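Shown next as structure tokens: one chain only, the form predicted alone.
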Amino acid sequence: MATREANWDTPLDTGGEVFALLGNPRKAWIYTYIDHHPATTIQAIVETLDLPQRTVYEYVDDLEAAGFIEQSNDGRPAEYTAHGIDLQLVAGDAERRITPELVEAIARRIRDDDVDTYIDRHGLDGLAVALDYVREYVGGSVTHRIMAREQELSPLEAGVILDALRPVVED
């Protein structure tokens, strides 16, 4: 199936505000946290994610300016809520959807060595393909051996990335 093959020409990591989000795991982590914790504050983000306050302010400003989040109250402290992201890229026969799940998968890069290694080896497009397999894996229609065969991976690598990304789909 053409949409499940990694397309090395698909520009998942270049250009635009969404792509800046995809290319910065810390920013993706902050977006994901706000997506999972509506009406959260800067201080909650700083304390929970253990990121420098200045970085959080800068990234929250970037995310708000790009329209991915908005301040959801008029008071202090400011509270933020995430907007859904659902973009579809089409390049030839390959189609990719940029969703909060993909952003969360990228965010896991900074805390999960398996995800980081997989992105280093297969790029963001390969991660998006793996996320498609994870949805089917969780649903029981795909095994790690099927993914390994179809993506020309070792069964071990397929099993590792399926298990590493499983919480993204189940949460």
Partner chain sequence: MERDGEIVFIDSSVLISCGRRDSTRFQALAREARQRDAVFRISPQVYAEVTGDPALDAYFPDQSPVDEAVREGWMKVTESPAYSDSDVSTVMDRARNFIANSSDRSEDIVEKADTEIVGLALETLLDGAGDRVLVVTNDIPLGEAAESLLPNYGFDDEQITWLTGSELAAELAEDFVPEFD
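This one's a predicted model, so the numbers in the text were calculated from it and none came from an experiment. Residue numbers count along the first chain shown, from 1.
Just so you know, the form predicted in complex with the partner chain exists too; it's not on screen, but the next bit is about it.
K.L.:
Establish, in the predicted complex, whether H36, E150 and P155 all lie within 4.5 Å of the partner chain, using non-hydrogen atoms for the distance.
P.N.:
Per the other structure, all of H36, E150 and P155 touch the partner chain.
K.L.:
Pick from 140-148, 38-46, 123-131, 61-69: which stretch has a heavy atom within 4.5 Å of the partner chain in the predicted complex?
P.N.:
That would be stretch 140-148.
K.L.:
Indicate whether the partner chain has at least one heavy atom within 4.5 Å of a heavy atom of R54 in the predicted complex.
P.N.:
Although the partner chain is absent here, R54 would stay clear of it in the predicted complex, with no heavy atoms inside 4.5 Å.
K.L.:
Using heavy atoms and a 4.5 Å limit, would one call V160 a contact residue for the partner chain in the predicted complex?
P.N.:
Yes, V160 lies within 4.5 Å of the partner chain in the predicted complex.
K.L.:
Could you tell me if L102 has a non-hydrogen atom within 4.5 Å of the partner chain in the predicted complex?
P.N.:
Taking the distances in the predicted complex, the answer for L102 is no, it never comes within 4.5 Å of the partner chain.
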